[in-house]
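There is one chain below, alone, in structure tokens, taken in the form predicted alone.
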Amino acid sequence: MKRCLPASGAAMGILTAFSLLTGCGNHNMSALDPQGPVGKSELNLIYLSTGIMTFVVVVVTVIYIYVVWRYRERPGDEEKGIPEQVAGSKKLEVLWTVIPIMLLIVLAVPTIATTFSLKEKPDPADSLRINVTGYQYWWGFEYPEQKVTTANEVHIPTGKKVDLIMTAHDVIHAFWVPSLGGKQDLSPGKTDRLVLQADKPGIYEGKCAELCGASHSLMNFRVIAHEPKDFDQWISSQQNPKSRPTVGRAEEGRRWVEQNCIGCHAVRGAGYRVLGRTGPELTAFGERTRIAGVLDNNRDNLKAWLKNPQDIKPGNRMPAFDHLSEKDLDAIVNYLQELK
């Protein structure tokens, strides 16, 4: 006879599989691997709530097993008649009312304290302010004091609080960097704040965590943390970007960009009179690690993006350049890769 796996066994197998899968993927996208004080404080709350829930489950399970075993049916019970009826126990009722209240207080006090501490406005003298705007489907970052703007990659110094002043341009978005902690919903016309800090240099992956359209899952960004001196060098390079190329294929590509891109994109330090604001800024584009937040920044991927951006990120507002020849596309690629 064919034997079937019991329902409880099948459920346990599914839960085990999901538990194993949770360890897969990018370690920088895990809230269980915090790399800053905000993430660590939030992980402590996770540990606390998990510990309380585990305690409750264990106690209830032990009581359940004891009661089932203690009052199980035995041979001869039928001859004893109806067992004695118990009306209730005030002591037990008070006990199982007071204990849950105490557990809720234990969980509520640190949760409320942490929530208020994360909402505190940092001292401007000891923090870095960055304005963040969520668009369909990219992120804009502006350093108002340093007069620097970039897109899809935000650079921060280690060991310093970063005061993110955030909003959404079109629809609701959510800014989330799991390993640094904190997730903030963003609504058009409303300004919110999120304070983060990275303890050590590295690249920390971020996502939009609010369904915002066809390419919501591709609305990625990166937080790149530098040592303070390296961050200062990055700021300096952004404030003084490389001059526009004047010879060769890159110069030809510059002319194509002027004709087709500058109405939407900005390139600072290149002598343009019109600086578009509807698309990501392209200043120092050649130094970025990704294209559109999803592709490694190299010549082949950039060319594929220019040819058919909808194939890579559906629903975005970037028009296709498939009307240009391979020669013209190569010229644009040469120019953009030289922007540093």
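On a predicted model such as this, the values are computed, not experimentally measured, just so you know. Numbers for residues come from their place in the sequence shown, where the first is 1.
Below: the form predicted together with heme C (HEC), not depicted.
If you check heme C (HEC) in the model of the complex, you find a heavy atom from every one of Q136, R288 and P319 within 4.5 Å. Just one of V177, C261, V148, L194 comes within 4.5 Å of heme C (HEC) in the model of the complex, counting any heavy atom, and that one is C261. Of the candidate stretches 96 to 104, 119 to 127, 224 to 232, 253 to 261, only 253 to 261 contains residues with a heavy atom within 4.5 Å of heme C (HEC) in the model of the complex. Heme C (HEC) is not shown here, but in the model of the complex it comes within 4.5 Å of a heavy atom of L302.
Shown alone here, L336 lies within 4.5 Å of heme C (HEC) in the model of the complex, counting heavy atoms only.
Interface residue remark: P280 is counted as part of the site for heme C (HEC) in the model of the complex, having a heavy atom within 4.5 Å.
Contact between A292 and heme C (HEC) in the model of the complex is found at the 4.5 Å heavy atom cutoff.
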